[in-house]
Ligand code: HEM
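Here you get one chain, nothing else, as structure tokens; it is the form predicted alone.
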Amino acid sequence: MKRITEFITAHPYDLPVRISHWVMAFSISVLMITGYLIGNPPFSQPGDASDIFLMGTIRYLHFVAAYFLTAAFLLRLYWGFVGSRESRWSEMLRWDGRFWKHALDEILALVWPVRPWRLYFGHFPIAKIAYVFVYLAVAFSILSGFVIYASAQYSPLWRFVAEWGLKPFGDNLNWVRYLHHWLLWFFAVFVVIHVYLVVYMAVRMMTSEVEAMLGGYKIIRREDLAEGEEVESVA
């Protein structure tokens, strides 16, 4: 008898999660490009500096992207406490025995493709681990970026931010700049791995996390679900 395939429609990604994801993705891309150019300035352009203002434009784009990143991060941080189940930090950080079993299965499936690749309603286990480190990196990049910016300002508020922001680093601004710059390469590596896994899953399982992150809905074959996922709520 031919087996009938059952499809399940899930709605794991709330609108605020999707908005914050794409705003952060765009902002981090701009920040990586402009940050690299700030650390490695391009050659001088011909013409009057007042007409070109190349580095000033690069720094301006860097600051604008930083504010967008901050707003998106605060939205995601807030929604992690009030959003739906898959959006909450309690679900993102639920690293119990079953979680580590699923994470190990994913790693083995990546290393040995003949093993079955299982699907989840929300984020995949290894994605949850990666996102925790990414959010921590985003938080540190925002804090360190504001400390660097505040150190060049003279208003009482910014001087206060600079004074207290530098204390955890021994009042060493160069150390803050060094760590802030190296976060660029952390995000660069993450972006490459992230895009690769999205494409890999789309090809292997014929499902797209991009579509789910755009529209919020994910269509999954029941037989592809990981063990225990049947008890999750679906739309």
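Residue indices: 1-based, along the sequence shown. No experiment lies behind these values; they were computed from the predicted model shown.
Note that the form predicted in complex with the named molecule isn't included here; everything after this is about it.
Stretch in contact in the predicted complex with the named molecule, which is absent here, among 110 to 118, 129 to 137, 159 to 167, 94 to 102 (heavy atoms within 4.5 Å) = So the stretch in question is 129 to 137.
If you check in the predicted complex, is residue 15 within 4.5 Å of the named molecule, heavy atoms only?
-> Judged by the heavy-atom cut-off of 4.5 Å, residue 15 is well away from the named molecule in the predicted complex.
Can any non-hydrogen atom of residue 24 be found within 4.5 angstroms of the named molecule in the predicted complex?
-> So residue 24 counts as contacting the named molecule.
Indicate whether residue 63 is a 4.5 Å heavy atom neighbour of the named molecule in the predicted complex.
-> Yes, residue 63 sits close enough to the named molecule in the predicted complex that at least one of its heavy atoms falls within 4.5 Å.
Looking at the partner-bound form in the predicted complex, is residue 142 within 4.5 Å of the named molecule by any heavy atom?
-> Yes - in the predicted complex, heavy atoms of residue 142 and the named molecule come within 4.5 Å of each other.
Name the single residue among 173, 210, 54, 189 that comes within 4.5 Å of the named molecule in the predicted complex, judging by heavy atoms.
-> Contact residue from the list: 210.
Enumerate the residues of 20 to 41 that have a non-hydrogen atom within 4.5 Å of the named molecule in the predicted complex, in sequence order, or give none.
-> Heavy-atom contacts within 4.5 Å come from 21, 22, 24, 25, 28, 29, 31, 32, 35, 36, 38, 39.
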